[in-house]
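First, one chain by itself: the form predicted alone, in structure tokens.
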Amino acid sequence: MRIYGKLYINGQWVTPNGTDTNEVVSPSTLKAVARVPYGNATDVDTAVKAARGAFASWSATSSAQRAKYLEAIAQEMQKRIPDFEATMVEELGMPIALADDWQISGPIAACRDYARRSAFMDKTEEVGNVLIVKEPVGVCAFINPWNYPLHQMIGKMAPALAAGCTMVVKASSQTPSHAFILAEVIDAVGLPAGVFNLVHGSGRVMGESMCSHPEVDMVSFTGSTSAGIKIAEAAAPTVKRVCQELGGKSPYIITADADLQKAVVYGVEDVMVNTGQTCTALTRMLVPRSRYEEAVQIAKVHAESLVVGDPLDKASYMGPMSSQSQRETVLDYINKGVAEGARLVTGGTDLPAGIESGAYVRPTIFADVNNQMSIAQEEIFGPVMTMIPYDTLDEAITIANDTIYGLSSGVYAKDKAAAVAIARRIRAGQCYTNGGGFSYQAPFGGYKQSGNGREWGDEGMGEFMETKSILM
């Protein structure tokens, strides 16, 4: 069992002021796999002051020097891949066959990518008598989710370091070990004291302290929309910059002339990977009524072919939910879908075949869904897909946009031009067309109640910059 007893503040491992600890339970075995310390508001204050103290010197380092540190961090992370992988399998339940590709290698590559982007801070522009320059936003508070923990941590940390910001970070209590390993990485490469500070504890105590602290200039949060509202409220009195990646209920439009087999299989796998715990999952599949039952059958067959089992088994495509609590939430939604009159095509509330315990949920598909049902409007965050028929493309787009969310979306059409034309009409921050894959070059963020700001790409770097005009 991994045991951590200290927080990482001002370049040192320190005993927290809080005295509580938290045992992290494996969702597959229901046994403790790690123990981490819980700090309190005093620890947050100490960490923020350390970040503030380091800001002047760190922000004044050359972009080349910051790039060297980011390259060193990436190299050290590479050495720790087995450790990161173990945390994803044990704490999240991510199948070992997918853990590296989906959770680890991408963030390492992105760290190197932001090393190259450090030079953005050197760019200036002269317009008439005005010199326009970029400066780092300041001290940042990062509050991280549990579903793609390292991915989201690097998505905040790497561009912030590249821009010259300092930070205080907090991981989710469900998947905390990656953050302690990352702090060990930071310590190993000798990042200046105070630039990176790790605190840990309950979200209610630590998150509130981080967001309301007067010396924090920016908050970046990934999580639920309800929690995001509280974050914004806590940050508002000191007028902080707030960047949030929140909930989603993403539509996926399949056109009548699309390759139905490929389109449906892509959609099913998108929803079921990481056991449905993906904010961008294309959970509302919209299919032409003329091809609806054919699509339902394809979805059923493919969902039932996916192996659900021990995350240490290389044959597993789906592991357990992240916790028993999350499992119960998903099962409640499945029961609600049945009560609402949706047709349960496959899946349901029983444990998968051959599994007797653990936080497992069967890949579940509902047909005969209308967009007013709660299973079509609310984020379930589990392996549950709804299939909605439509008669015209205009109707499909209306249904797609009939949601409080706007994080992601998908289109599968006959060709690229047709898919892009539809994508332009969907109100969402991203659209995956004809089976497109995730890219770290693509700005990531949502419309409406899916958040504000962007991560990844040039726009992700821009969130950590202030623009200054010098008039000559």
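Residue numbers here begin at 1 and follow the sequence given. Predicted model, so just to flag it, every value in this text is computed and none were measured.
Keep in mind that the form predicted together with a small molecule is not shown, yet the notes after this line are about it.
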*Wondering, does Gly203 line up within 4.5 Å of the small molecule in the predicted bound form on heavy atoms?*
yes
*Using a 4.5 Å heavy atom cut-off, state whether Lys170 contacts the small molecule in the predicted bound form.*
yes
*So in the predicted bound form, does any heavy atom of Phe444 sit within 4.5 Å of the small molecule?*
yes
*asked:* in the predicted bound form, does Pro145 come within 4.5 Å of the small molecule, counting heavy atoms only?
replied: yes
*Single option in Thr87, Ser220, Thr386, Gln152 placed near the small molecule in the predicted bound form, where near means a heavy atom within 4.5 Å*: Gln152
_Give me the residue from Asn401, Gln297, Ser224, Gln75 that has a heavy atom within 4.5 Å of the small molecule in the predicted bound form._
Ser224
*Options 303 to 311, 391 to 399, 225 to 233, 187 to 195; stretch whose heavy atom lies within 4.5 Å of the small molecule in the predicted bound form*: 225 to 233
